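Given as C-alpha cells, the chain that follows is alone and in the form predicted on its own.
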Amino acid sequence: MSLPLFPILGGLLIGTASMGLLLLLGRVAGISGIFWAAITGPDRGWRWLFITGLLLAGLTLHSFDSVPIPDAPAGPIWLAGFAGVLVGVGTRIGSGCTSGHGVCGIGRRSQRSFTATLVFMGTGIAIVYLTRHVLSWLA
C-alpha cells in the first residue's frame, strides 16, 4: 500500500469506529474521556479494549510497512509529563479533547465542538509559531 493512502484509510477507520461506538453504545469516541473513565468509571471493559486497539494500530502500521518508530523527543521527561497533565486538565475544563470535539462533535454539527476545535487548533498553531519562530530568536 502506498503511503499517501494511509491517511485516507486511517480517516475512514476513525470515522467508522466513531460512528460505530456512537450507534452501538451511545458513546462519543473522545479519547481523554474514554481514558479517564477506563480508570474511574464503572464500564471499563470496552474502554480498555478501545485504548488497546489504538496502541496496537500504531504498532501494526510500524511492523507491516517497515515505518520506523520515531525517536523520543529531546528534552526532559518531566516536561512531557507536565505538558500531559496540562492537556488532561484542559480536556476536563473543555469537556472533551480534540478527538471528541473534532471528530465526533463536528460530525454531529455541535456548535460547542466547532468552537472548541477552533480554539484547540488556533492555540496549537500559535504555540508552534511562537516556539519555532519567535522564541528561537531569543536564543
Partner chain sequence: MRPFVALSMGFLFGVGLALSGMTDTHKVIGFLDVAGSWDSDLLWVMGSALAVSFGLTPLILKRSAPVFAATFSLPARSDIDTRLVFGAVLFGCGWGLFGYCPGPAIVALPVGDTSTLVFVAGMILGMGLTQLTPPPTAEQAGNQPV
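The structure presented is a predicted model; accordingly, all values stated were derived computationally and were not measured. Numbering follows the first chain given and starts at 1.
One more form of this protein exists, namely the form predicted together with the partner chain; it is left out here, but the text below deals with it.
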4.5 Å heavy atom contact, V28 to the partner chain in the predicted complex: yes
Sequence-ordered residues of 110 to 129 touching the partner chain in the predicted complex, heavy atom within 4.5 Å: Q111, R112, T115, A116, T117, V119, F120, M121, T123, G124, I125, I127, V128, Y129
